[in-house]
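We begin with a single chain expressed as structure tokens, specifically the form predicted on its own.
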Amino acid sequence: MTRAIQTKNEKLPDPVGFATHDHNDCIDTAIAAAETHCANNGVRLTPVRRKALEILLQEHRALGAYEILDRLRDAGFGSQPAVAYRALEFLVTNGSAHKIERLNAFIACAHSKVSHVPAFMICTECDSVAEVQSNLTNKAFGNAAHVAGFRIEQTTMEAVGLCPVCIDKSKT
């Protein structure tokens, strides 16, 4: 399933969570992007932050903070909730992860090498999440904010529905 989403003026890549891809390359690319970002911005990708990112990269679904905390504890990083929350806050602040508000959960950024406005498609059956790049703030939403005198600092779009696998399952 390799196709791209065509918008009016641009061609955006597939939503990673729903597309067939080399998952090991996906993980390696995201870790390398996080390391580069940290080095370029004078911040540290500490062992616990790196492990939290690796946990998020294992699957293309959003994980709750306590699920991440359990996996961090199993890896020897402590059992206090602050361990997970601080690591996740760092990853979100530095563009390596996003918070999915609807699920109160986190997902690794699928497009960490480029500046973008994230948009997420969340499957209500299997909980997979796919991230796509959006240009919402550059168009109507950004214009509406400008007219209202509002400066957008962050925008996240979330859509719920069925992923291609679950749609195929429902047909049988």
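Computed from a prediction, not measured in an experiment: that's the story for all the values here. We number the residues from 1 along the sequence you see.
Not pictured, yet referred to below: the form predicted together with the DNA.
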Every residue of Y66, S79 and V83 near the DNA in the model of the complex, heavy atom within 4.5 Å: yes
Stretch in contact, per heavy atom within 4.5 angstroms of the DNA in the model of the complex, of 27 to 35, 142 to 150, 40 to 48, 54 to 62: 40 to 48
Interface membership of R71, the DNA in the model of the complex, 4.5 Å heavy atom rule: no
Contact flag, T124 vs the DNA in the model of the complex, heavy atom cut 4.5 Å: no
